[in-house]
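Heads up, the chain below is alone and in the form predicted alone; it's given as structure tokens.
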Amino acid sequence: MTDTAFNTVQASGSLRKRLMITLIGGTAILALILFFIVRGYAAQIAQNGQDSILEASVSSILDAAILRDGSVEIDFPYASLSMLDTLEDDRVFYAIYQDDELLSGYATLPRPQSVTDRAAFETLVFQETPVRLASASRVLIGASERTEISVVVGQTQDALSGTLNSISRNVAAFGAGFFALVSLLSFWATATTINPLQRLANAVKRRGPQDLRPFDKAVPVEMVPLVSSLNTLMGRLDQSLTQSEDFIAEAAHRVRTPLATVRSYAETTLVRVTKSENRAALRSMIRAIDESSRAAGQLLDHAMITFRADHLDRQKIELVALVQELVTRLEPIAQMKDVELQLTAPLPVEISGDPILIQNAVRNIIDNALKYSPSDAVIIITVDAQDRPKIQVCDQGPGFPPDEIATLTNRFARGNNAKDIVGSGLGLTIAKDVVAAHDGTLEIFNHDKGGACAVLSF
């Protein structure tokens, strides 16, 4: 299964966006509620202030009314109306009644239907303008009679509207600032909330396919079930992978040992057999045994490389010494084929890497060159650090099929010129996986003068 198949995950929106929309939407609603509450409260306070002044004006007029010799006298106090002056020059209206008879003021000023000794208030439209009215009455008692004096005082609400508008603007500015501040805090809060999840995702992404250690870093309480599930899953995968690796190693070992025994018997029998058809059959058997043994060995190597690739045992490696040791070990095989291994290394080259993996990769490349080289050929192995540390192996064989070079590093891929040569198609794959684990590259090409070249760059 490819990486693309794992990456096709269905997404149902963004948690960060959902959280931000929730916080910002809640902030907007809260700002609106706050605006209307403060404005309503301010309107109530402002209205109470106007009502208090109107009540004082009505009371001062009623206090000035006296009943003398059967007639009502009112020494109209100037302060009763002057106290209603505002910066907006609100207009003031009044009406004074004795029982139901108008004594003074605006006859068209609406009079409440029921007027008591306690001030009553109402807002209505008078002369096409909203007017706040305050009304109250008082009973005057003389020697032989009594009469009721009613006073109505009204005032336009321009000053009140201006005050409310000013308060509304201030509250709106405060609400907008509050909204902006909480929006910024929402960005910060969502980032802070999502960051642990993002760190967990990055930690999983940075791990290699073989790194199945449990996550032991502290996470928020809400993420504990997720991390616990991941740790459980990785534990199962680790157990399954270990069993698979053990099975491959055991299988390769159990296959190679009896194959070596069978090959030994086949070679012994070949010496004793004289018939040509039997000798041909035995040679075919020996060839098949060699192919099976080599495949088992390289499968074991590939399994080992797959396991170690994400757990590199990095050490300082002197590449020239490593390659020289390999050349010395492969020299007997090369002499049996009359092939010369020629090592060229102008200067020591040091890298940091896993010596077992690098040795395995170089051995497979040299082994391939030995298989495809004719007798009396020379295999040139060059180690240098020009541009970057690299090992180049060039042989004098038939070279790579030009139209198959791009696929020869795939597992079990072999060129069409390798039908008569024992092989498993894993040598170049192993080399490519090793250099990839060391952040390097494997390049294969045909030499201008003939033969194949492989370059391991680290």
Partner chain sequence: MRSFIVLGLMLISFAAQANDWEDRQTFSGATPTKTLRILSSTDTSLFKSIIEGFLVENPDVSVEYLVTGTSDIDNIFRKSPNDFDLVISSAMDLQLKLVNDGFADKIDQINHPQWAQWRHSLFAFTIEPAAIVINKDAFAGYDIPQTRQDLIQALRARPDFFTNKLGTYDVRQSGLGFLFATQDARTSETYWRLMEVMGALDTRLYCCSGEMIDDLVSGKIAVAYNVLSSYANARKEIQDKIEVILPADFPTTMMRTILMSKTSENTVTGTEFIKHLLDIQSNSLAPAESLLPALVSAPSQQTISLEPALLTYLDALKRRNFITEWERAVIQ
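In this text the structure is predicted, and so the values were computed from the model without any measurement. Numbering follows the first chain given and starts at 1.
We do not show the form predicted in complex with the partner chain, though everything after this point is about it.
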{"property": "Non-hydrogen atom contact residue 247 with the partner chain in the predicted complex at 4.5 angstroms", "result": "no"}
{"property": "Heavy atom of residue 187 within 4.5 Å of the partner chain in the predicted complex", "result": "no"}
{"property": "Interface membership of residue 73, the partner chain in the predicted complex, 4.5 Å heavy atom rule", "result": "yes"}
{"property": "4.5 angstroms heavy atom contact with the partner chain in the predicted complex for residue 93", "result": "yes"}
{"property": "One residue of 364, 135, 156, 373 in contact with the partner chain, assessed in the predicted complex (non-hydrogen atom, 4.5 angstroms)", "result": "156"}
{"property": "Residue among 84, 152, 358, 323 with a heavy atom within 4.5 Å of the partner chain in the predicted complex", "result": "84"}
{"property": "Candidate stretches 105-113, 195-203, 163-171, 375-383 - the one whose heavy atoms come within 4.5 Å of the partner chain in the predicted complex", "result": "105-113"}
